[in-house]
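This document starts with two versions of one protein chain, written out as structure tokens and named structure 1 and structure 2.
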Structure 1
Amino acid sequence: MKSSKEILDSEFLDLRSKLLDLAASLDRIDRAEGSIAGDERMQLLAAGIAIIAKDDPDRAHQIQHLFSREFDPQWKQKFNMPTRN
């Protein structure tokens, strides 16, 4: 398997391109007419970008949870679902 250096060598340009795509998309939103003030999706995107900037080994896992609805362990009681055996 490849070393960190080898992976960076092979993926650097792809990562650069993805960053540019992300930046250009945000610029496009800013340039357009209308307001998105208070739109929760922009806050989620900002939080996702902050996760990427962190030095953690499980950024993809964290971003998945950021964009996920919470799980309520008591959901069966709320749905009146009987436990079956």
Structure 2
Amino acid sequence: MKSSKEILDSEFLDLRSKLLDLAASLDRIDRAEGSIAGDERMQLLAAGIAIIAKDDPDRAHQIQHLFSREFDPQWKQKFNMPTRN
């Protein structure tokens, strides 16, 4: 098993790149015309960033839950999916 330092050494540049990409996307949204005030997606992104900023070992799980729908046993009917016989 790799040590935390070995993982950081191998993934640092990729993580840095992803952070820069996220910041650039948010900057483009801020500079663009129009208003997104009240857009739930921005609230979700802000909540995701807050989760990432915490020192918590299950951040990926929290992010996945944040962006997931609650399970609905009727999902196939709602999305008109064929069922197996």
Partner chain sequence: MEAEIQHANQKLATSMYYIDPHIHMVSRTTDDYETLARMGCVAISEPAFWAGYDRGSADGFRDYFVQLTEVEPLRAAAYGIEHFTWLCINAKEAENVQLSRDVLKMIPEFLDCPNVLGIGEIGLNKNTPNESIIFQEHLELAIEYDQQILIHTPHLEDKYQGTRMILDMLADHSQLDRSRVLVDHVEEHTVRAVIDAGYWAGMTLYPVTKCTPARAADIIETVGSERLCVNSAGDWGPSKPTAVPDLIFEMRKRGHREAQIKEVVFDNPRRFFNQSKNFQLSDPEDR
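Numbers follow structure 1, counted from its first residue as 1. Not measured: the values here are computed from a predicted model. Take the two forms, find the largest set of C-alpha atoms that superpose within 1.5 Å, and that set is the rigid core.
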Quick check: structure 1 or structure 2 for the form predicted together with its partner chain?
1
Spell out whether the Cα of residue 65 moves at least 2 Å between the two structures when the two forms are superposed on their rigid core.
no
Core superposition between the two structures, C-alpha change of residue 76 at least 2 Å:
yes
